[in-house]
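The data below hold one chain only, encoded as structure tokens and taken in the form predicted alone.
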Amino acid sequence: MGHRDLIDVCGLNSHYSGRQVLFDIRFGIPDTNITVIMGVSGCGKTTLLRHLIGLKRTRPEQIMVDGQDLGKFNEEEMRNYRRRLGVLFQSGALFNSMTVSQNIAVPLKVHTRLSDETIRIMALIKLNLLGLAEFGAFMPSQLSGGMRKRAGLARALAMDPEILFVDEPSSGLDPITAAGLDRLILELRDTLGMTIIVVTHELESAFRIADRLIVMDRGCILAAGSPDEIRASQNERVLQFLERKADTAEINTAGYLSRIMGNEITRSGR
């Protein structure tokens, strides 16, 4: 059964201080699927994410959401769009002065008129969903890195979003904890029918969870397709990324530094 594209990126260009950083980006995000956007650091992933979330203004006719032009949204339409979103930032972005339960309650207090008791119960439900039922009274500083990510994810899910954005979920986590978070993301897709967009440079994680992969480099899309289609790509830059090969310039720099250090050691008589 096919999936409709919930979000269409149709020729997105982006600039910072007059410098172009995204070039004619085009791809669709199918509903109830996991779309993974991956590439090396500085390739434009985070800028693209900021456009999709509405944190960076988009020009008209460049991003469509359910057929509506994101670039033409007024303030109220943008607020309504953001209510449909949950976002897990790379650091978890928890408020250090609040307990885990209080952190999860923040979106509900800001965006709803629910009673404090109802909000407390809803926060507890999210804690249970993420396996954190015993840690609601903990402060973020008392949690491990993996638990902070889970707590951030619980807060991202507080409003029962239709679309979940996840920025570098595996960053700073050990392989076992990262695999557990990947499994959680898959369960959210399967049990809640969420549309999930993950930004990462972690190859193993990307291929583990993706229904669709977007490979970026230097502000452009190199390849888009299923994990199998990406593995079969003949694009040299895609192959370099998948095989973790350093750029020639980086290799030459490393060799140059090695020679310099070798000469220094020789001169010092060591």
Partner chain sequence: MMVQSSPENGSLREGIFSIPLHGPVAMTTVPEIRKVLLGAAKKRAVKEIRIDFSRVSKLDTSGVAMLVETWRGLARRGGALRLSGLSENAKRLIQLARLDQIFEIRDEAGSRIEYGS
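Only the largest set of C-alpha atoms that superpose within 1.5 Å between the two forms is called the rigid core. Residue numbers count along the first chain shown, from 1. Nothing here was measured: the structure is a model prediction, and the numbers come from that model.
Omitted here: the form predicted in complex with the partner chain. The next part is about that form.
Novice: Since the partner isn't included here, can you check whether the partner chain sits close to all of Thr112, Asn128 and Glu187 in the predicted complex (heavy atom within 4.5 Å for each)?
Specialist: The answer is yes; Thr112, Asn128 and Glu187 each reach the partner chain.
Novice: Would you please decide whether Met159 lies within 4.5 angstroms of the partner chain in the predicted complex, comparing each non-hydrogen atom pair?
Specialist: Contact check for Met159: yes, within 4.5 Å of the partner chain in the predicted complex.
Novice: With a cut-off of 4.5 Å between heavy atoms, is Asp174 one of the residues that contacts the partner chain in the predicted complex?
Specialist: No - in the predicted complex, heavy atoms of Asp174 and the partner chain never come within 4.5 Å of each other.
Novice: Quick one: does Ala133 come within 4.5 Å of the partner chain in the predicted complex, counting heavy atoms only?
Specialist: It does not: once the partner chain is placed as it appears in the predicted complex, Ala133 has no heavy atom within 4.5 Å of it.
Novice: Looking at the partner-bound form in the predicted complex, is Leu108 within 4.5 Å of the partner chain by any heavy atom?
Specialist: Answer yes; at least one heavy atom of Leu108 falls within 4.5 Å of the partner chain in the predicted complex.
Novice: Given a 4.5 Å distance limit between heavy atoms, list every residue of 116 to 137 close to the partner chain in the predicted complex, or none if there are none.
Specialist: Going through 116 to 137 in order - heavy atoms within 4.5 Å of the partner chain in the predicted complex - the hits are Glu117, Thr118, Arg120, Ile121, Met122, Ile125, Lys126, Asn128, Leu129.
Novice: Does the distance between the two CA positions of Leu129 reach 2 Å or more between the shown form and the other one, the core being superposed?
Specialist: Indeed, Leu129 is displaced by 2 Å or more.
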